[in-house]
Ligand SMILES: Cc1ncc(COP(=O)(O)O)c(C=O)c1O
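Single chain ahead, written as structure tokens, the form predicted on its own.
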Amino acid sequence: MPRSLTRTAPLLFDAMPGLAGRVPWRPLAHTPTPVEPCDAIAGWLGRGDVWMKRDDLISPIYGGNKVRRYEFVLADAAERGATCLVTAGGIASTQVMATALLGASEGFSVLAVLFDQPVTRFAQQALLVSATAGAQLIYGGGYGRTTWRTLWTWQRASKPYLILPGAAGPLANLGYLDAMIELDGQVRAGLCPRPDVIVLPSGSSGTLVALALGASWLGWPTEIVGVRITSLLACNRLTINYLARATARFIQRFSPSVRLGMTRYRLLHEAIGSGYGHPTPEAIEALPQVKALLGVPGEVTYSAKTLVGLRALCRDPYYRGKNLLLWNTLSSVQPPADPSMASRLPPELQRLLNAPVIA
């Protein structure tokens, strides 16, 4: 099935016509993204029948799960007359990189406030990627100060549009409802079996919510398993259910006949270790498996911990015989990172480029 940027509307607009013409959208994703077996790590997983949805290949600019979201979010920003995107994330944030890269490609300036997390090689690269893309990076420090500085930056920017960490909201979640319709087409075409279980990392949980709503809408009994990678305070059943209800209500504003419920889902809590971005021995062990699977280095915040969770399911007798699908949210596109751009970083972030790394 060819992948292209030539579609004039998401599949979701045909499935839920009330959204068409009323919800902003612009094409960013090269779809459909491939589905293929995880043969490269079958020995490590302990079984050879696990599949993968390769959203790492969704854009030649930057891959991962923000591209589908930003088809709606950046269109909304443009429709509102914004010229500057303001966001926040950790120093290794893939969302900040996606905002910097995709925002620049769509003509926005980008301001990003960064909070502390353990310094890794991936984090150092992320800082240079975002700076090379033209984003202005602002050091936030702890969560509280980062929140204050983000709001301060947003209030003082010219024509700003605020994107919260994770970009998880009802509008953005439409991207992964659309993705489930895409996957349904691939299943119907015989490109992969219908998954009994979909595994993905879960932070702000927008992708998990959208996949669970989409599976329910399709009538699939698929279980969505989120490998928790952030604080339980931010990622739990209360926050997930609230976001699901908000997304369903948002859609019903435009398509009142659409009734959305959640398919079965669960959170795996064991892989997170001591916190967001903190490596665990198991995640460090999984890093070479990420590279074997995708051809690019992994990182310990999302991709490696997700493989740890996936491997645990593969070893669980309950999941024996079930069709497992990994929804990959890392980017296998490696955008430019110019070391000379270090001079554009504030001193607190410049120092991190020479700090000892823990993974």
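Just so you know, these numbers come straight off a predicted model, no measurement behind them. Start at 1 and count along the sequence shown; that's the residue number.
What follows is about the form predicted in complex with this ligand, which we do not show.
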Handout entry: Triplet 203, 302 and 329 all within 4.5 Å of this ligand in the predicted bound form via a heavy atom
Key = yes
Completion exercise
Of the candidate stretches 194 to 202, 112 to 120, 147 to 155, 179 to 187, the one with residues having heavy atoms within 4.5 Å of this ligand in the predicted bound form is 194 to 202
Handout entry: Single option in 247, 222, 289, 94 placed near this ligand in the predicted bound form, where near means a heavy atom within 4.5 Å
Key = 94
Exercise for the section: Identify which of 166, 90, 175, 103 has a heavy atom within 4.5 Å of this ligand in the predicted bound form; exactly one of them does. Expected result: 166
Problem - Partner contact for residue 207 in the predicted bound form: this ligand, 4.5 angstroms, heavy atom - result: yes
Practice task
Answer for residue 69 alone: is it within 4.5 Å of this ligand in the predicted bound form, judged on heavy atom distances?
Solution key: yes
